[in-house]
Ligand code: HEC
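Here we start with a single chain on its own, the form predicted on its own, put down as structure tokens.
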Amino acid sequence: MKKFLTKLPEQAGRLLIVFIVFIALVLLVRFLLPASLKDHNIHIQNTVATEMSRQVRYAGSEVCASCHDEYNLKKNGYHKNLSCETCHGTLKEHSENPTEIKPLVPRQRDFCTRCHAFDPSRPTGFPQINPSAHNPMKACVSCHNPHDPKPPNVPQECQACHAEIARTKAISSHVMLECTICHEVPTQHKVAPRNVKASIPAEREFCGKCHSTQSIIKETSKVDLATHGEKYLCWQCHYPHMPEVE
């Protein structure tokens, strides 16, 4: 071995010694490790046992379907993407003893408002309310079936869902315009606003009806559509609900 090392270049000899020491350490560590860490089958058994010992938390809505008809109502309703445990909590004990242990049934207004109180960061069209003004002091479930919470009366005013836009428009030069002047609103939009969208003007000439130099409406500001803004749509530069220019 000594003669073999003397024939190698110095750097190669050192590298070989490091490699031999590394292999020896690996074998030593493997020899000293307990069987539970180096035996693959034991490792799998211990992992399964550890996971099985964890407290069961969420099983999913499908488990509830065998006993509760509400599942069929929910799966086609507005709350179809919510798990039952989202509102009722963990239900392992209830599933094991359904007659004695009942699921949590939240009836407090502040429970539903965690999702439905007005928040400008929520998606446009998401059902939102002002809890202080919307049927104050009444439980949400007194008017809405929580498994398919359709409103008793579909809101007819845009501000029911677009409150922030309504407040902005109220202090702009477009305050006197009805929403339907610029937007075509299908009836189904009021029922499923996120699936059926209201239309948005797609041509410069739409705004030009009031704001082009050829417009016969005297009260509006005017621009030459041929040179103003080039090819861009008006609302790409002007926010239509408050289109003032500084």
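Numbers for residues come from their place in the sequence shown, where the first is 1. Everything numeric here is computed off the predicted structure, so don't read it as measured data.
What follows is about the form predicted together with the named molecule, which we do not show.
- If you check the named molecule in the predicted complex, you find no heavy atom from any of 25, 31 and 47 within 4.5 Å.
- The closest heavy atom approach of residue 181 to the named molecule in the predicted complex falls within 4.5 Å.
- Residue 43 falls outside the set of residues with a heavy atom inside 4.5 Å of the named molecule in the predicted complex.
- In the predicted complex, the named molecule lies farther than 4.5 Å from every heavy atom of residue 76.
- Taking the partner from the other structure, the named molecule in the predicted complex has a heavy atom within 4.5 Å of a heavy atom of residue 228.
- Taking a 4.5 Å heavy atom cutoff to the named molecule in the predicted complex, the contacting residues in 119-150 are 126, 127, 128, 129, 134, 135, 138, 139, 140, 141, 142, 143, 144, 146, 147, 149, 150.
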